[in-house]
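Here you get one chain, nothing else, as structure tokens; it is the form predicted on its own.
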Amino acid sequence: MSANIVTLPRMLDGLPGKAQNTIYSALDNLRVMTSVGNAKVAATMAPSVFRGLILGVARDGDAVQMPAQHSTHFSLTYGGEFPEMYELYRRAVANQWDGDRDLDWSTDVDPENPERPVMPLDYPPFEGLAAKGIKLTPKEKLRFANDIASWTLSQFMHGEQGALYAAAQVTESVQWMDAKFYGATQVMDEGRHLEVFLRYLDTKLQKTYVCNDNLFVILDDLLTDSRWDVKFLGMQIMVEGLALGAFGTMYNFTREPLLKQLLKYVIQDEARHVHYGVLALREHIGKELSPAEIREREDWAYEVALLMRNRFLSHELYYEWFEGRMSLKDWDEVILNAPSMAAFRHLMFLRLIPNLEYIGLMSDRIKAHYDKAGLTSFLGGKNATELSGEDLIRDIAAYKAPTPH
């Protein structure tokens, strides 16, 4: 993939490195706030973009307040009108696992063990860094790979906290009682995922990173939106699609057995979560929304898809490792073109695009935009209703990542 999203005027050349980074970040953030073609979508996302990218509220303090304005749908009939959803609920109940009982936390995790690396040395973009004049010693390479693992797992942890709250909100808001039953199991799932990622970071890697600004923008936008179906679309389809790509990439690369088993359990849960989302949204979009409302959700999903593809660039690692040694613009180019990022994008869109198509958010109008972004090759793939957790694990394991250098 080209790195044209990080192209900026040559006027930055010649400025001190810190000034370049400041101007680059400001212009890059401004582009995010002004790039959405749908004015209504831009208006709904702007407060979250401002809080996350301009104010950087996720980087400081102990907590962030996100005022929620959704309505609770309290049923008075308790009707069981969605049998496919009820069946999914029964499967979720039968497949609950216990992070303390079912994972072997006595496993010795030594990040410096080359036989069972948490993040092997073929994951980081060392070739791209070398092309920018950054050459690391063998010891530095190992430490950098471990920091990438800690950064990645930290973002998983932050995402699971957001998923926990979104699942609780949607359980309140969704109209079908069978969906409320299922939603309760997802709240449990997300709490368990948050627990195990936190425990792994705390006891095995002993290093965590703050929530990435761009991840915060998406979570803040979802948790503060009043519309249950937008929360559903964002969390169950978009963020869970992102998670499956990220979890799958790390599952393929890691050689550490405890983390691999942990990720396998989580991926199997995520398969049900996305299935839940496509069932509810296909019904809702097909029967309840106007053409204008469908268009808005198509545009919103497209913008979030590009945000997820282009902006998870681990700037926290850049500032820790390379500030003063290379520009932020060069760092973004290296990350965007890294083979591991290509694997992540492939696995994410392999699942995301067919699900958007299945629920009715892939009109010819929006399809043309996905085509320009090079994402229509994923159309026609299997959606979440056709894939079990075991299917996902098999497909992830079968994916052959680009040959690392």
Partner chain sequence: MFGRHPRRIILPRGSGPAARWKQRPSQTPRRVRVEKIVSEAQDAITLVLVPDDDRPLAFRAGQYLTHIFEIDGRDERRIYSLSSAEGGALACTIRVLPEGRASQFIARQLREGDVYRVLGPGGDFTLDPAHQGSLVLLGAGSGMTPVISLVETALASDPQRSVRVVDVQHDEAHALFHARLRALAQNHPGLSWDSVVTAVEGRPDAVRLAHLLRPAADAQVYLCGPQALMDAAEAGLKEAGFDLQHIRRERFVAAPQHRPRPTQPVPIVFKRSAHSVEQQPGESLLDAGLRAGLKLEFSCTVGGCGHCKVRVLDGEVLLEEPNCLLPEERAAGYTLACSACATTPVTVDA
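Residue numbers count along the first chain shown, from 1. Being a predicted model, the structure only gives us computed values, none of them experimental.
Below, we refer to the form predicted in complex with the partner chain, which is not included among the displayed structures.
| said: Which residue, L198, L223, I134, A271, is the contact with the partner chain in the predicted complex, using a 4.5 Å heavy atom cutoff? | reply: The residue from L198, L223, I134, A271 that makes the contact is L198.
| query | Taking the partner chain in the predicted complex as the reference, which of T77, S71, S290, S106 has a non-hydrogen atom within 4.5 Å? | reply | Comparing distances to the partner chain in the predicted complex, the residue within 4.5 Å is S106.
| message | E81 versus the partner chain, in the predicted complex: is there a non-hydrogen atom within 4.5 Å? | response | Flag for E81 set to no.
| Even though the partner chain is not shown here, does Q175 get within 4.5 Å of it in the predicted complex, heavy atoms only? | Q175: no contact with the partner chain in the predicted complex.
| request: Examine D330 and determine whether its closest non-hydrogen atom to the partner chain in the predicted complex is within 4.5 angstroms. | output: Close contact is absent here: in the predicted complex, D330 is far from the partner chain, nothing within 4.5 Å, heavy atoms only.
| Does any heavy atom of H158 come within 4.5 Å of a heavy atom of the partner chain in the predicted complex? | Contact check for H158: yes, within 4.5 Å of the partner chain in the predicted complex.
| in the predicted complex, which of 292-300, 123-131, 163-171, 312-320 comes within 4.5 Å of the partner chain (heavy atoms)? | Among the listed stretches, the partner-contacting one is 312-320.
| query | Taking the partner chain in the predicted complex, which residues of 270-298 have any heavy atom within 4.5 Å of it? | reply | Result: empty, none.
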